[in-house]
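What follows is a single chain, given as structure tokens, in the form predicted on its own.
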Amino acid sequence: MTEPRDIDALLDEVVTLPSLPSTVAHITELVNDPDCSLTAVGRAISVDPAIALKTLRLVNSAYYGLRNKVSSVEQAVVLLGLKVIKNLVFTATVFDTLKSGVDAFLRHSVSCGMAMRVLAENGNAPGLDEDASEEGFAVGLLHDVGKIIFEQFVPEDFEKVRERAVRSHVPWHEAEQEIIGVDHAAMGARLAANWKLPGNIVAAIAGHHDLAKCADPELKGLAAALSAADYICTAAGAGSHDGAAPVVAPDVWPMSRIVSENVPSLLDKYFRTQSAVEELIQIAT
């Protein structure tokens, strides 16, 4: 077993965290400015053709369910509002990060985002802002991004993790602790912090396999919801790797406020998102 590794030491040794693209950082800055205009945000998105195209494809997807086709970024900003557009642009950016992973990983990430959206809409994801479903989708989409970092920078160790998890049915994050010394939840949280994402998203990612690692006790319910969303999509067949087994800590269910009588309804809502999942995967790739 590898000695526990300080994440800062690992970052100093081998890992260079990707920066948030300048266009996305600029858009985020604009949206967070209370004096910002819708026109300024639309213009900022439009100057980046790749982000503008993916943003329009997302706006017109089944995920948003708009009745009429949106033909311009400016129209999308007016219809959906600044916070939704910010999350949408961020989603397009995360898609570019995730598409370097295997197909199963992208499907798992999008499916977990949808499961989190369902939980948020049902009131089972405490700690999100007023745009709970949008933020819920974003945190679900990003929750395992630490695995992409490991795959890119410590590929030999990452392959050993894969072999250990598949052959011995050890939870992936435990295999990472054994072999790398740091798990993907910690690395993903560091990336989210590096991208200056909201503290609730950082805390949820950090604690989604171990609620004790959620820095803010008041956000453990959100970390529990993310763990539950991860469990739901894995149990439904959208695991992050072949042979992935759904694993969840016992304290997750009470912390996420999910009760047994609500499970059939939650699962039904989740399964009804599958056409949107397929469409989002197509957009991502």
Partner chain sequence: MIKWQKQGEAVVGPVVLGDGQPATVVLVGTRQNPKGAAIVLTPEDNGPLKTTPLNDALGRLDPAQVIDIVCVQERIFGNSGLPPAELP
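Numbering follows the first chain given and starts at 1. All of these numbers come straight from a predicted model, not from anything done at the bench.
The same protein has a further form, the form predicted in complex with its partner chain, not shown here; the description that follows concerns it.
Heavy atoms of Pro49 never reach within 4.5 Å of its partner chain in the model of the complex, leaving it off the interface. With a 4.5 Å cutoff on heavy atoms, Tyr64 does not count as touching its partner chain in the model of the complex; it lies far away. Under a 4.5 angstroms non-hydrogen atom cutoff, its partner chain in the model of the complex has Leu267 among its neighbouring residues. Its partner chain is not drawn, but in the model of the complex it has a heavy atom within 4.5 Å of Ser260. With respect to its partner chain in the model of the complex, the three residues Tyr231, Gly237 and Trp253 uniformly fall within 4.5 angstroms at the level of their nearest heavy atom. None of 218-226, 245-253, 54-62, 34-42 except one has non-hydrogen atoms within 4.5 angstroms of its partner chain in the model of the complex; the exception is 245-253.
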